[in-house]
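Only one chain is included here, represented as structure tokens and corresponding to the form predicted alone.
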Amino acid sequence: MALTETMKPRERVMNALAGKPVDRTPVANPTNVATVELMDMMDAPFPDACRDPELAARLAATGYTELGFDSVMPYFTIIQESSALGCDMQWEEKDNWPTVRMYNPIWKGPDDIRIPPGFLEHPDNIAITRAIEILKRELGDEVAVIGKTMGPWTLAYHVFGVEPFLLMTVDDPDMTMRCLDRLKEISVLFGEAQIAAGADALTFPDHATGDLVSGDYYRRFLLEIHREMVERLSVPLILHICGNTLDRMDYIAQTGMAAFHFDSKNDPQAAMDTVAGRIGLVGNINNPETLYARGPEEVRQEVFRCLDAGVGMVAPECAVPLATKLENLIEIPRAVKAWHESHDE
């Protein structure tokens, strides 16, 4: 039986984030689905599309217009704020992600942390807020516009360097907390600016990944900060942490965040069992093996596994590889609709 959709994509996404009924499971990548093929299609290549609001909006819109996702996301990287703070940047070419040169950190401790004058007016931050304004004006009645503000743990990697910051967490936990408490103000400031520009929800990447830190670290350093972010930012927040995070999902479920965007290293059913309905889950289609290297049939199988487990919003596990084939991305919403057609009879 053909699936009858009764909601616009925006309503579908916002209902899912609020834990309300939906006509079908939304497809909404909280990070982004930009690819080289889409850049070429829209004449909006990296790094220009990361720094020009018109190009950012044009490229972001393809997540809806070309791929059929229920959301758009114009913040393609994780480094816009860090550029505005004065980090040493490597902008790369269109087939590579811009990065922060973290071997050349700008700060050493909490007393160094300051928000520069004109932080929100820095071109790399304006690129995001203005792109959100454009998308809200052109697509906002139809599709969910999702912004993104980096959490303090991610910012700490960029401004202190990964190794110095992780050593700080061992050698001086109190100094670490002072750093995070100051950095979180940057998260709030940029988040509020995106909300003012029209963002319906915010992704909150905070890369306390299972590869680098334990679940107990998450509890000690980030749980209370993430609860505070929910209180201070007035739209639904989608926490994003890469890696195997089952050991911290119980804590994450206590934050009050609307949803957690989780990695394919976590089994969907095990993740759903761990959060036990206390937080929505978004994910977790594998990027490097499935979306990049395999075909639509393998994509469909992963989508079905997520839906069988009850995952509330289907998405790639993170920002997709830039060389990902469009047919694999288009298969995600197709597979979601096919699953519902076979289960809603």
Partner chain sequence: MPVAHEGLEQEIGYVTKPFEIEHIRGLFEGTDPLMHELAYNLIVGNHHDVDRLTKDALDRDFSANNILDDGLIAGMAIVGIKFRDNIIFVPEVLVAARAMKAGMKHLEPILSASGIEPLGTVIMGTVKGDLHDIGKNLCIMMLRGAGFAVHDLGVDTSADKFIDAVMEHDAQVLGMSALLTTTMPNMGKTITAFEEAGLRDQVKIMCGGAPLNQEFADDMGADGYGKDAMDCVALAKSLLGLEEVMKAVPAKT
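Numbering follows the first chain given and starts at 1. These figures come from a predicted structure and were not determined experimentally.
Omitted here: the form predicted in complex with its partner chain. The next part is about that form.
The candidate site formed by Gln90, Thr99 and Ser214 is fully in contact with its partner chain in the predicted complex, as each residue has a non-hydrogen atom within 4.5 angstroms of it. Among Gly210, Pro110, Pro268, Gly140, the residue placing a heavy atom within 4.5 Å of its partner chain in the predicted complex is Gly210. Site annotation in the predicted complex: the residue of Asp273, Glu228, Asp95, Glu185 reaching within 4.5 Å of its partner chain with a heavy atom is Asp95.
You can rule out all but one of 282 to 290, 66 to 74, 47 to 55, 22 to 30: in the predicted complex, only 282 to 290 has residues with a heavy atom within 4.5 Å of its partner chain.
Among heavy atoms of Pro321, some come within 4.5 Å of its partner chain in the predicted complex. In the predicted complex, its partner chain sits within 4.5 Å of a heavy atom belonging to Glu163. At a distance threshold of 4.5 angstroms between non-hydrogen atoms, Asp174 is out of contact with its partner chain in the predicted complex. With a 4.5 Å cutoff on heavy atoms, Ser264 does not count as touching its partner chain in the predicted complex; it lies far away.
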